Structures are given as C-alpha cells and as structure tokens.
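Here you get one chain, nothing else, as structure tokens; it is the form predicted alone.
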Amino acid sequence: MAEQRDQRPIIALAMGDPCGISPELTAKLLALEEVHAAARLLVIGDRRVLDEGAMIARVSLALETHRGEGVPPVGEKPVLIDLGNLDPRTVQRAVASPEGGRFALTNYRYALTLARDGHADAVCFTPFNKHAMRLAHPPYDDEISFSAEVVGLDGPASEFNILGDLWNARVTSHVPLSEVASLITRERVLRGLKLTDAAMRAAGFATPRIAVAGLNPHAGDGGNFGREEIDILEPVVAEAKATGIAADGPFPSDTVFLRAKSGAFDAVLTMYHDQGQIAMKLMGFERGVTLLGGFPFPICTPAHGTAYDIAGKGVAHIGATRAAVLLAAEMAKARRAGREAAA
C-alpha cells in the first residue's frame, strides 16, 4: 500500500528580532498542536536563540535541527534550519541593535528564498524591529520593498491587516502624513482596490465587499473639507464597480469601521496607515494579522510589534502569531487547490 502524501503546506517561519518577544513567540507557536495539524514548519534562525525563547515561554520543543547546505525534508516534527547566526549573550534584551536586525534580515531573506524557489508554500515571521533592521541595513524601507527585491517581484504589492473575516487595506503606507494627500491619485486608489479584491479572492472570498474610506473629515462634507472624495474617490469607485469589484463609498472614516464590523463590508480601503490601523488594533490587538499581498505566495506576520516592554517576561500573547500561521496555511492550501483545478 502506497504511503499517503502529507497534504499540509510547508511554511518557512523566520525568527524575528531577538531582543523582543519574537523568540518566545516562536517557541510558543511550535508547542501548538493546532499549528502542527495545519502546516509543516521550516523554522529559520539560531538554536540558541530559540532555546532561550522556549525557556522564557516555559515550553518544551520537539523538533529536528538541520545544519549545513540543502533543504531538509519536513515530516511530523518541525525542522529548524540552524544558521548559527546569533549568540543571544551578545545582544541586550529590549534594545534595538544592528546584530538583532541582521539576525532577523538574514532569517527572513532565507525564508523568502525557500518560498521563491518552491521549497515552501508560504512565509511567516515573528515581529521585526524596523529600527534594528535599518541599523543592520540602512537602505531597508519596509517588508514589502525588501520582499519584492528578494523575490524579484516587479508588480504591485500591498500590506493588509486582517482580524477574523474583516480586512483593512490602504492606499499609502509608511509615508509621512504630510505627503498623503498628494499620493491619493486615481491610479493608486484603483490599484489598491484591485489588489484587495484579488488578495481576498485568493483567501476564499467569492466577491469581497470593499468599503472605501474618505480622506477628509466627514468624507469631505460635499466639498467643504476637501475635494478628494468628489474628484478622485467617487469616480474610482464607479470605475472599479464597472470591472466587477464590489466597491462602495467613499464613507466617513470615523464610522465606516462600525459598518464593516457589523457585517456590511468584508474590507475597508483606507487612505493612510493609521486611519485603519487604529481601528483594527482597537478591535483585536492580540488577534490581528498582517498579510503582504501581491506576492506569488502568502507572507503573514502578527500585526503587533516586538513589545520590548514585556520581552523576556514570558507573558507575550500567542494569539496573533497563531492566527498568522493558520491564515498562511489556509491561503497556501487554497492556492494549491486552485492550481490543481486549473491543471
């Protein structure tokens, strides 16, 4: 009798900033049976850092350790690709450092190449510290641009925040607030709607309902507080609808999330970073997931940061990290099913 093939997707999990809660979150994740049932994990990092995280988290680890060249097979147990790239005694907890940034960047690059080259179905990572990343690599902007460079992506990509079945997308992201209005253009808003629609369909939504938030107070109040809604957003919504995207708006940003939370919409496209982040984190800080969309495979991470204030205390909540891995696994399975159906 032929041995049954393991259908669980392989997720490359990069250990994040070693000076924050990433090591203990990685260890806690590896102790969850629910995660093992959903995916096979290839963890990238340093065994010494992971062991320290397990000690802080007070969990026992059952995994294989791989050192050297090649991509190891992943069976019942998770596999740690031990790069031997950081002795935890050389960094200070709760302090951003170039060593910590270099550790996280190296792990993440390795995870991306695994997925890029077909050895993993999705990528996840525990929280990064952007300041540490820039100390190690000054050109570092954010995860999207870094990932695109490693993967070789030449198309549009975007960041989504996800809380259960509610998604938040945005037209602009890591830019100064003073520059936002000039970046709200027809092309950018339409691209945001198209990316959101495509990413949500890939995640299993048949026809995602997308609300567009206004840029100005009260969505411009008929032009009294700005004309972006009239001149840009309303025409773009109409254009998107004509292509089959279930978009609506623009709506005042201070009430649109109430409507989405009640089930009127599946997603909200906001104009800038904090316009959506504040709402999403208030609704579920310990469950939120960030997805990088537009890539040929899912890239997921918890929506919160490195939490230096609680690092090493063993109290870091696993909810968002768990949700990130389970979402990546579900999206990877859906993508595989789509490929098989098209073959």
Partner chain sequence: MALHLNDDAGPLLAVSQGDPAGIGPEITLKAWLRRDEIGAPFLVLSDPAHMKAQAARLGLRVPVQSCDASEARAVFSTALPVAPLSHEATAEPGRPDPATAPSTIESIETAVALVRGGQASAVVTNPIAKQVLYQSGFPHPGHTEFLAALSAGPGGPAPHPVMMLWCEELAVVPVTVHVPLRSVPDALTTELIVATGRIVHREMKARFGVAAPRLALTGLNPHAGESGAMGTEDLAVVAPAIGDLRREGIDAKGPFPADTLFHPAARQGYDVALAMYHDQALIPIKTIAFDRAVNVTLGLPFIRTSPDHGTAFDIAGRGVARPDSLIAALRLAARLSRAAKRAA
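Fair warning: this is a prediction, and the values are worked out from it, not measured in the lab. Positions refer to the first chain, counted from 1.
There is another form of this protein, the form predicted together with the partner chain, and it is not shown here; the text below is about that form.
- Contact annotation: A206 falls outside 4.5 Å of the partner chain in the predicted complex, judged by heavy atom distances.
- Among residues of the shown chain, S173 is one whose heavy atoms approach the partner chain to within 4.5 Å in the predicted complex.
- In the predicted complex, the partner chain lies within 4.5 Å of some heavy atom of S178.
- In the predicted complex, the partner chain lies within 4.5 Å of some heavy atom of A279.
- Y272 is the sole member of F146, F265, F160, Y272 with a non-hydrogen atom within 4.5 Å of the partner chain in the predicted complex.
- Of the residues given (D165, D142, D254, D248), D254 alone sits with a heavy atom within 4.5 Å of the partner chain in the predicted complex.
- Proximity to the partner chain in the predicted complex, taken as heavy atoms within 4.5 Å, picks out 218-226 from the listed stretches 112-120, 218-226, 95-103, 240-248.
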